[in-house]
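Okay, here we've got a single chain as structure tokens, the form predicted on its own, with questions on binding and movement later.
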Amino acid sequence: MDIGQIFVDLVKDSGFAGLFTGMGWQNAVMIVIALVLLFLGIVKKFEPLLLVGIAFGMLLTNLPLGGVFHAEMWNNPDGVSYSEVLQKGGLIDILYIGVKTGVYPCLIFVGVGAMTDFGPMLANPKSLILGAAAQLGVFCAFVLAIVTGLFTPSEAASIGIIGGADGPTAIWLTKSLAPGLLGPIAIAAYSYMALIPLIQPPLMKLLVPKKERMIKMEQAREVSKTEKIIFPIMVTVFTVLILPSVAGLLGCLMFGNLLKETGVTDRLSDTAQNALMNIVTLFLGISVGATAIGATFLDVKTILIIVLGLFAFAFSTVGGLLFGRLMCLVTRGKLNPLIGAAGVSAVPMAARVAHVQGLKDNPDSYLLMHAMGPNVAGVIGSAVAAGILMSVFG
């Protein structure tokens, strides 16, 4: 037995050797990026529930020879062979089936629906318009991505949806239209959601005069339980009849909300909000992170996606604020335009940012419940925008 040769073979077969041969430097760079994301998630608390999982998935998949994820199985031009994935795939290949089939984003939307109160929106139906206006960035970024000439229409659509500020919706659309871009798009979407307190206030001050930011809104009416029960059912029926492609995503959102509002399914609502949400978040984060492989992630397109994602998010905020100003004019000063910024669907962070900014300008102004209206309307708006893009490019 040649001990020396055994040692040499162990070194050659180790992941360390993989890092220093061929394109191993790309994996090394991705490992560093993963560590930075872990720092942001753990220390800076940037969307930690998902960012920590995404970062760790990125770390695992870029450790050479780990075999937990095989991108070639999912990028096969002849289509995905699920039998091959089940027989030869690694751990994350198996978990990734839930992403590829769209199961994880839909299940997360069951939990989101169970945690969402549509009461503020029903009390002020104008919130729906603000939620729709805040999707401006989705279509602006889509057009700009096309203009660059580097992205196909399907890829541009997936980049644009970052402007909806809804991570599960971005993943749901991208896994079908541009699976190769899933890693950078998911990271961009969740990063900008976490940066809402930094991105939105400067835009609020720039676009809305202090006089309008100081407007104190009247207390909204109380919404009945019957209205809250009927709403998710009617939204599901009408929206799915118009956009069948969004049946799974929006249907799960409304199903979760119905569990919350019926009053007779409290156990199911609690499970959706906690156990189900936590389990799916674990699988979703690590699976999405595993798609960020050095060979495909370190590309000019990735940098552009980050830039276009910021553009999309900023313009969605701008759309909500400008339409808020228009509604302020129409209502003769009864609506504070700041709540328009909450039309992006990052619930409830965007509503809190609008509320905090309003308090800074007028300590007697309490905008939180008013801002929750366009905030939850934005969840519907981003799902509808994704459904439109899926119908056109899917």
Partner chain sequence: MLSATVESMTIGESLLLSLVSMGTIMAVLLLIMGLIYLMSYLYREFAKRKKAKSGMPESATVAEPAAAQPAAPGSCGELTLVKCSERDAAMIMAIVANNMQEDLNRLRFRSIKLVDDSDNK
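Positions refer to the first chain, counted from 1. Just so you know, these numbers come straight off a predicted model, no measurement behind them.
There is another form of the same protein, the form predicted in complex with its partner chain; it is not shown, and what comes next is about it.
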Which of 198-206, 220-228, 268-276, 90-98 lines the interface with its partner chain in the model of the complex (heavy atom within 4.5 Å): 220-228
Output flag, N27, A34 and L298 jointly within 4.5 Å of its partner chain in the model of the complex, heavy atom basis: no
Single option in V147, V264, I303, L86 placed near its partner chain in the model of the complex, where near means a heavy atom within 4.5 Å: V147
Position in contact with its partner chain when the complex is considered in the model of the complex, options T239, S191, T281, S176, heavy atoms within 4.5 Å: T239
Residue contact check: F139 to its partner chain in the model of the complex, 4.5 Å heavy atom: yes
Any non-hydrogen atom of A290 within 4.5 angstroms of its partner chain in the model of the complex: no
Contact flag, F255 vs its partner chain in the model of the complex, heavy atom cut 4.5 Å: no
Close approach of I129 to its partner chain in the model of the complex, 4.5 Å, heavy atom: yes
Residues from 363-387 in contact with its partner chain (non-hydrogen atom within 4.5 Å) in the model of the complex: A377, I380, G381, V384, A385
